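One chain comes next, on its own, written as structure tokens: the form predicted alone.
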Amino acid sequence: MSVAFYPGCSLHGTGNDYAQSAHAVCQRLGLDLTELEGWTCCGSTPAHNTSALLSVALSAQNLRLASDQQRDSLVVACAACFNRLRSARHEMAHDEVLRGRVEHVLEAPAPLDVRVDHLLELLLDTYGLDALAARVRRPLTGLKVACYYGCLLVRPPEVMAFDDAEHPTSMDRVLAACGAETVDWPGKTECCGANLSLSRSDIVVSLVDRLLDQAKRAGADVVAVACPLCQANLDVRQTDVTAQTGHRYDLPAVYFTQLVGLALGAGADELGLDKSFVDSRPTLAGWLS
């Protein structure tokens, strides 16, 4: 089954282990992630603070490309890209004036015929949890996972509309199908500081410290994420947390696709498990081939 895939900028850069593991998972499930030809930046989180028109038009251009390539849906892995693409489609559908301005910029009709799905939705709704569980080769039995959704994956609820905004469970259900034990913890939708990591690292350190403390208290062995920026903050900033607070967690932050890939039989190199600052391989040694 061929699936149109929008990687976004991060998955071609600092989040390439997310892309690597997403492809590894889909390959084992018979899903061909076909990268959208000619894709461009979605504008990420800064664009809508600079120009509302630009932020929508950038994402609309990618939806137009999908439509031109005769794709009725576009699968996205990055939470920020997913948020911007789905928000753009929503805003064009509900604001006729904005839609007209975007069409003027694109010199083409608004691409409202293309559905935007997250990779989690692909696994949950298109592939199915029973079918996923049937493909598991190394069940993640005994692994306790704190699923971290962050701010952008499920909010705003009227736009994202695929999971509960306050108590999401989609990632939990996918990883449970792989045999993992997902822990109940209060931080799953709290902010990690996002791109304040560079301009206000003090805020990010404080937020990351709080999140890691909550996950650790819940008994988590790892934190699973679906956003390259969340992964970077929860991973890279652990050194700063220790330096500034004295708290040492050594709690790996991994992409949910890396855990699913392990359960499906993929190896550490194939999943990019060597890319993180906090090495997850000692924690996941029992499931590594």
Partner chain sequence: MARIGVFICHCGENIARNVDVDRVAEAAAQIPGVAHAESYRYMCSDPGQRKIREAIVAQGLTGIVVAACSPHMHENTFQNAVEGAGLNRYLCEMANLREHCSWVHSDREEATSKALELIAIMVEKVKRNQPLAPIRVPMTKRALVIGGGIAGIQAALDIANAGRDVVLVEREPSIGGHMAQLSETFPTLDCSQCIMTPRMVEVKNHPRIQLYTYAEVEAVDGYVGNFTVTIRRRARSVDESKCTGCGACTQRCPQKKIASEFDAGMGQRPAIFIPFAQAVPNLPVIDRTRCTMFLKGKCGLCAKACPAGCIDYEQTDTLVTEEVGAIVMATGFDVQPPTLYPEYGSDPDIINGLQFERLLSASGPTAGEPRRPSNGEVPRSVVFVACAGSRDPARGVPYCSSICCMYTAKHALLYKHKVHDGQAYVFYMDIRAAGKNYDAFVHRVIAEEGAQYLRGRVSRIYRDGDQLVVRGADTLSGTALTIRADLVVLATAVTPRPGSDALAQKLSVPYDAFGFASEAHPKLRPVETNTAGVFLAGTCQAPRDIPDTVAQAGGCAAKVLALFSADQLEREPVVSRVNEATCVACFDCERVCPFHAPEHRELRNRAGDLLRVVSHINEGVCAGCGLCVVTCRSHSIDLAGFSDEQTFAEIGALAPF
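None of these values were measured; they are calculated from a predicted model. Residue numbers count along the first chain shown, from 1.
What comes next is about the form predicted in complex with the partner chain, which is not displayed.
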- Contact with the partner chain in the predicted bound form, heavy atom within 4.5 Å, among Asp125, Glu166, Asp72, Asp202 goes to Glu166
- What is the one choice in Glu181, Glu103, Glu190, Asp209 with a heavy atom within 4.5 Å of the partner chain in the predicted bound form? Glu190
- Message: Which is the contacting stretch out of 130-138, 108-116, 85-93, 158-166, given heavy atoms within 4.5 Å of the partner chain in the predicted bound form?
- Response: 158-166
- Query: Does each of Gly38, Gln61 and Arg64 have at least one heavy atom within 4.5 Å of the partner chain in the predicted bound form?
  - Reply: no
- Message: When the contact criterion is heavy atoms within 4.5 Å, does Asn195 count as touching the partner chain in the predicted bound form?
- Response: no
- With a 4.5 Å heavy atom cut-off, would you call Pro186 a contact of the partner chain in the predicted bound form? yes
- Neighbours of the partner chain in the predicted bound form among 195-224 [non-hydrogen atom within 4.5 angstroms]: Arg210, Gln214, Arg217
